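Given next, in C-alpha cells, is a single chain: the form predicted on its own.
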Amino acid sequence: MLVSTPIGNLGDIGARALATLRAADLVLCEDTRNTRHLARVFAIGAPLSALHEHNEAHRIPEILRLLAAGRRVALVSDAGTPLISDPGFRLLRAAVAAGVPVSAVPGPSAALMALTLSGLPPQPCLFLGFPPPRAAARRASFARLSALEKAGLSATLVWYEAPHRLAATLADLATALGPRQAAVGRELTKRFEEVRRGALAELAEHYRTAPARGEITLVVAPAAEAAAEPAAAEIEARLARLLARKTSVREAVALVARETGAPRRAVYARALALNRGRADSPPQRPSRARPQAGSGRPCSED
C-alpha cells in the first residue's frame, strides 16, 4: 500500500492513512528518523524499515516474499506522495510484475499544491522532478525543453529544487525560456509558507540577494501560443517550396506537419489556400525582348 503523508503540517494526514499505517505489519520509509516522528505523534506501532535509492533494488525480493506470505506492507516517503521524486518505483513495478495487488492512499503533494497556488494554468502540466544539479547538465536540459516547446509543447512546468540552487536554476530558465511568468512555493503548509510570483529573471534576482530556505517547488508558465506553434509564414514558406517542386499536396502536407509539429489539418488548409492562389492568379505572358535600335528585329538570346 502506497501511503501519502503530510508535506509539512501534520494536521493534513488523513484518517485512512492513519488506519493503514497502524494496521501494517511493516512500514517502508525513505528515512526512518523522519517517519519515526510521525509514528510517535500518531501512535503508529508498526516496525519501520528503510527503503531508499541505494538499497531499493536488493530489497525487492525480500519484500515480495513478505507480500506473497500475506504480510501487510505500507510504503511512505519522507513527505507527500510516494514515488513522486522519491524511492519506490522499482518496488512497485516488481510487485505489479509479480501479480501482487497494489493500492494507494492519496494525500498531500507539494507539486499539486504549488501548481494550484501559482496562478498559472493548471492544465496541461508537466512535472519534471528535480533539474540536474550541475550547471552544464541543467542548461542542456532546459535547452532541450525549449526545443520541445518550439516543436509544439505547451504546458505549465513544475520542478522541485534545492534552496541553494534556486537562484541559479531560475536564471538558467530565464536564459533558456525567455521572459516567462513563474511562481516559487516555499515551505508549503508550514509556518513560514510563501508563494512568490513574478518573471523568471525577477525571481532569480530576488533569490540571488535573499537566498531561500526550506522545501522548494518551482512552477513556470507554459510557452506563449505564438512560441509554441510554428508561425503561419514559416508553414506557408515550406509548403510553397515543396509545391514549386511539383510535390503533391498530400506529400507536402505530410512533410511540413512532421517537420514543424503543426496540426496536419491546419497545414492542409494552408496548402489548399496556396494552391487556390496559384490557380486564381492570371497566367504570365511571355516577355518579348525589345529590338535593338535600327535592327528591325528582336534581339536573340544566346
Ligand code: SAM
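This is a predicted model, so every value here is computed, not measured. Numbers for residues come from their place in the sequence shown, where the first is 1.
Just so it is clear, the following notes concern the form predicted in complex with S-adenosylmethionine (SAM), a form of the same protein that is not shown.
Contact with S-adenosylmethionine (SAM) in the predicted bound form, defined as a heavy atom within 4.5 Å, holds for exactly one of 181, 175, 141, 109, namely 109. The contact with S-adenosylmethionine (SAM) in the predicted bound form, taken as any heavy atom within 4.5 Å, belongs to 79 out of 79, 145, 115, 74. The stretch that touches S-adenosylmethionine (SAM) in the predicted bound form, counting heavy atoms within 4.5 Å, is 185 to 193, out of 146 to 154, 185 to 193, 198 to 206, 93 to 101. Although the partner is absent here, residue 224 is not a contact residue: none of its heavy atoms lies within 4.5 angstroms of S-adenosylmethionine (SAM) in the predicted bound form. By the criterion of a heavy atom within 4.5 Å, residue 89 is excluded from the residues contacting S-adenosylmethionine (SAM) in the predicted bound form. Taking the partner from elsewhere, residue 125 is found to have every heavy atom lying beyond 4.5 Å of S-adenosylmethionine (SAM) in the predicted bound form. Residue contact with S-adenosylmethionine (SAM) in the predicted bound form: residue 7 places a heavy atom within 4.5 Å of it. Heavy atoms closer than or equal to 4.5 Å to S-adenosylmethionine (SAM) in the predicted bound form belong, across 61 to 75, to no residue whatsoever.
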